[in-house]
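Before any questions on how it binds or moves, here is one chain, the form predicted on its own, in structure tokens.
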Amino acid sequence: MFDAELEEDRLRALENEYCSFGDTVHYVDRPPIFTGCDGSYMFDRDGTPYLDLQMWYSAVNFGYRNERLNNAVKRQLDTLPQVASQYLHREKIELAAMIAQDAERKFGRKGRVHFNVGGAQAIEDSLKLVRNHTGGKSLMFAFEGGYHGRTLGASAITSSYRYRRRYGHFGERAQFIEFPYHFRGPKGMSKEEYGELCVAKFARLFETEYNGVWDPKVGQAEYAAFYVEPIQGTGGYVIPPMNFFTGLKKVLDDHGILLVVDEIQMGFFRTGKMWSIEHFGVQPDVLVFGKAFTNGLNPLSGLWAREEMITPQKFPAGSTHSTFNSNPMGTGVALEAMRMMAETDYESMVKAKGAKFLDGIRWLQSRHKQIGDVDGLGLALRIEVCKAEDSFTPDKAFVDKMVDIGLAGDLEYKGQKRGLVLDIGGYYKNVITLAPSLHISEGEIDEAIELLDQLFVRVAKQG
């Protein structure tokens, strides 16, 4: 007779002996071994539903086992599942055209699309593109709290030193600039005033050559580009004031510095817009995307760049390459996802669901002094967990216990066992970053608020 518990023990022993721990992160000592998924839920071996509020780090925006997208995978598997990238296939061409035409309508610039297989790899491609366009400049600006990946180039522009401490630098270096994180910014300032202050601090770098980044005699910056996440992802879903990027972009334009927008986590309607930068009214020079592009069904990422940076003459064939960079399984499902997004009013849907969810976490804040800050844009929401004594001092230990209990699968909702899948981010690793399925129902939002309330109560009682 099959013993599921013994089988799990066997698998954990094999993982402990044979799997590299370098390619994963275990948030708990014994993470669940999931056996199924559907919609907003993951399921363990006992069939216990775990409401997933992070959806594979926002890679599954359209829900687990989305029927339309799964069927696209099956069709592609039955027609053209494999083809070398030096040849052409319809899905790649139509997908690139669809993204480029959408960008031209929104940003008023013609451009082209370049594919790869993962977000960090697309960032690497963008660094090549930027260096090529700027005569080989390898210095970049990026934000404190910013995250762009863990390959050598991507980690160089990611603000966490721990991702590059053991490996050093290879090429790119970044100067990290203050992001307007209002909850932890100067007291007495409005969000908009703080955004203006951060822009002014950045602009000061160009006032004189002695600030180290600008040669006024020839009008040249030493830095090639500014890499930004419009909404910080791993940094804790920090949402800047709406006036921030217009001010920042003016400084960049005045000094010939490119704006590269990383939409890997916030793209594809996570915030209620196709691209989160659309909320802020500025035009990127390069836009990088990934994750939800294929709803997590097959690795595919890419970038869009304005035409003068990426013409075949400027960025010729073979400038970058990966065997699987425009694989038909990925481009086929991504093309169907793009069609689904064009046919569905995700903007209104995400706005309404995000407002309901934000109301719910504000209600939680009114009940629990451990919640120092809540915020949200669309269905990218944050809960900053702090010491109850001042609702400000970061409390990582509290939120770690919440994750443990959520993954234990012994919460309760309407008389049934439930688990809760959470992701933790933030500068102090004390922020619950909420990225539910864009198809989450109102009932599931109510369930999420109830389960979060249970977690806060249970951890507070533990002391």
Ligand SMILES: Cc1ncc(COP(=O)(O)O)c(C=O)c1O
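Residue indices: 1-based, along the sequence shown. Just so we're clear, the structure is a prediction, and the values are computed from it rather than from any experiment.
One more form of this protein should be noted, the form predicted together with this ligand, which is absent from this view; the next part is about it.
In terms of contact with this ligand in the predicted complex, the residue from 296, 185, 118, 241 that brings a heavy atom within 4.5 Å is 118.
In summary, among the residues 76, 276, 265, 325, the only one with a non-hydrogen atom within 4.5 Å of this ligand in the predicted complex is 265. In the predicted complex, this ligand stays beyond 4.5 Å of every heavy atom belonging to residue 269. Of the heavy atoms in residue 149, some are within 4.5 Å of this ligand in the predicted complex. For residue 229, a non-hydrogen atom is located within 4.5 Å of this ligand in the predicted complex, even though that partner is not displayed.
Of the stretches 195-203, 92-100, 350-358, 141-149, only 141-149 has residues with a heavy atom within 4.5 Å of this ligand in the predicted complex.
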